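In the structure tokens that follow, a single protein chain appears in two forms: structure 1, then structure 2.
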Structure 1
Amino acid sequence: MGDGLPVDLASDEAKQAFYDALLDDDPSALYERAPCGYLSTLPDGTISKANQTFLALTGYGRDELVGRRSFAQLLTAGGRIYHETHYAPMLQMQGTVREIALDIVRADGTRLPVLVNSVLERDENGTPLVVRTAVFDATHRREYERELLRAKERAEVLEARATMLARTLQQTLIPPTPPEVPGLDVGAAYRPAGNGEEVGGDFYDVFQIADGDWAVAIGDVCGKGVGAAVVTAQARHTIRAGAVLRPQPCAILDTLNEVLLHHAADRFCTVALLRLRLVGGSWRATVCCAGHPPPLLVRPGEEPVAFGGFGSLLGVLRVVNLEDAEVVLQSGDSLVLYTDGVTEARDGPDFFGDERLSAAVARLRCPANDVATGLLDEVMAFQRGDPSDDIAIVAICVP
């Protein structure tokens, strides 16, 4: 301490000085100049006493209120109704009400937002004697609440716009029907998670590169919402652009990996990219899977088998492990590409899984659209019509 007194002694002296000051306070001044308005009213509501703070808040003179008006008469029309239907009954039953938001009409006709606490005092027989009320100026609080409401409304508008943008983007990523591919039968099915309110990252695309040369892509961008939709759009267009310049699916996906690594969204994705080329009257299929489940190859009289292997996720590592696998398709063969919303569909603790997928694919028959929609129906039925993840399916049948 600056005066050299020990800390504990100085502290004791400060406390004593504080208590002495309290004793010296004028009780009348404490009441009149309290930081909130004070009212006393008779059981019928007539004002019997009001402190100077209340008079300053409302602009009334003491002789205009005491013995002349009730507290309810100072309220707005809505406030008087609330006073009669809620405030007064609660006070009678409970003996106290707290933090009631009301508007008092000032002497000049303007409104004063207030918070009111009241206590009803009774005599020993339970007869009401007086109501003591504290009135707090809530002007700044009310403005703060209005600003919060305005901020909430602005956020809701922005969220609605973002959702609309994401849905518009997604609609451009999911073709309504696959294009006609001469010599092949192509079908697809798509179902967003839940009630479809949230935009997901699953996508598929079927496009032509040249005569007798087609590409089929199916993928899943991590996350949901606008960010996922933007990355999905970028992935789709990168694949389309790369397919024109680079014939191998693994080279195209390597390019996509570089693009995603430089994307500010910092999201990864999985993709299965299939290239179908008509060579000597037969379709040659080349596939590369980047962290994505490999397609199922279905041949008449044989069990479905995975075609291709798992490679690296895209958008995570600088150097990725990607390999192409190739097969010549015969008449009656089919390929089924899908996202993990199929195998990871859940019914309680159980997953739809690979075994159910293989059994369903082996059971379903072309045309391709029946295979895709039939598999989607089975997955939806398994999880009782409430998908927890997006589902995308593309089926390709060789007539």
Structure 2
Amino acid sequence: MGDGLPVDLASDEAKQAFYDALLDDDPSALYERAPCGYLSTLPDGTISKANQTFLALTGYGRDELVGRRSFAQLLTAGGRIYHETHYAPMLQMQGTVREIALDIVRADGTRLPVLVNSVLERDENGTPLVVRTAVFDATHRREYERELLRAKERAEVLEARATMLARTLQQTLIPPTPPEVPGLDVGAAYRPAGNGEEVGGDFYDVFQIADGDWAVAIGDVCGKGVGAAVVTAQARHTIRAGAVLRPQPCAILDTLNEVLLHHAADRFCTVALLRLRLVGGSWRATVCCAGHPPPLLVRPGEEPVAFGGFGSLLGVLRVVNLEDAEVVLQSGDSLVLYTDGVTEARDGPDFFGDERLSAAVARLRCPANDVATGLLDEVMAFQRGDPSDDIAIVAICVP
């Protein structure tokens, strides 16, 4: 405090005189011209005292208020309801209310937004004596709050629009159900990370190359959101276009690598691409994996095995190291393609991991849709329904 005083008030004596002078501030001026409106009201609500500041704020004469009106009568009708249903009960039950926003109707009919604090004084028996109310002009604050409210409403509209956009986009990248493949049973499951408001980076696709010649792709573009969606769309279409010219999986992914390198966006992706050809009554599966976990081949009575190599990521290196692997499928075999959202699902420090995955696919039985959704359910249960990464699963059963 001493630092704030004028130099000639630095002595103790002078300081005391200064404080005394402050204390001598005329109590009636202190009340009448306080920087907020003051009201005293009787327990029945009648105004018993009002200061000059309150009269100046509201435009009423003292005679119009004291003994004649209650505080509630000065409020808008809506404010009166609020006063009766919230303010008065809280004051009765708590003895005090603070920062209540109300509108006072001035003498000239205009509205004065105010913030109000009240204290209820009781006598020693607990009988209410008087309510003291401080009234603050809140015109500017209320304008600011309205702007905040409008901004909040705008944000909610935009958020809803963004969510809808994400869902629509997602649906174009992830077919809700894979197409019917004659002679095969194909099922899929997909769950985006979080609450699904953002487009995920995982995708899958099932499409026909020629008669008895099909492609199944599953992939994961790094990141998420619109940027990832653009790359996802590009990857999907490149694979489809590439399959027409050079239908061997690794050739297609080689093309995709070049396309991604030419694309300005600095995003890489992983893909497992499977070609299924009906040759001499059997399905011949050729797989090429580019930085993606290889599909699991499940044969009756055998442990599931990874089928295919790991290969290079796409969109990073000029020259990628990719290798096609081939297997002839037999009746009762199934293939499960998945993204790392499955194996990297977490429960605290534990990952779902390869062993749980292997055990699950060995246990789950065709049809393919039951395998895909059954695995998704297990992964979701493992991470307690809160996926931190997208999950995509495609299962293929050979009848």
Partner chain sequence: MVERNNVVVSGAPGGQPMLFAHGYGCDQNMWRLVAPTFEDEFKVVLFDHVGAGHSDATAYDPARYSSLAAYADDVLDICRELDLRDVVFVGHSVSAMIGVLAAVEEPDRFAKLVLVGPSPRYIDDGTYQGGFAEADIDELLVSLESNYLGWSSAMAPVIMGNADRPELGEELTASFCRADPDIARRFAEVTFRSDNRADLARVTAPTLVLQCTDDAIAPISVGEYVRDAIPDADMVLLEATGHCPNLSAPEQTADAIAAFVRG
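Here the rigid core means the biggest group of C-alpha atoms that line up within 1.5 Å when the two forms are laid on top of each other. Counting starts at 1 with the first residue of structure 1 and goes up one by one along its sequence. Fair warning: this is a prediction, and the values are worked out from it, not measured in the lab.
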Only one structure is the form predicted together with its partner chain, namely structure 2
Two rigid parts, one fixed on its C-alpha atoms; the other rotates between structures 1 and 2 by a number of degrees, namely 30
Between structures 1 and 2, C-alpha offset at Leu158 (rigid core aligned, Å): 7.7
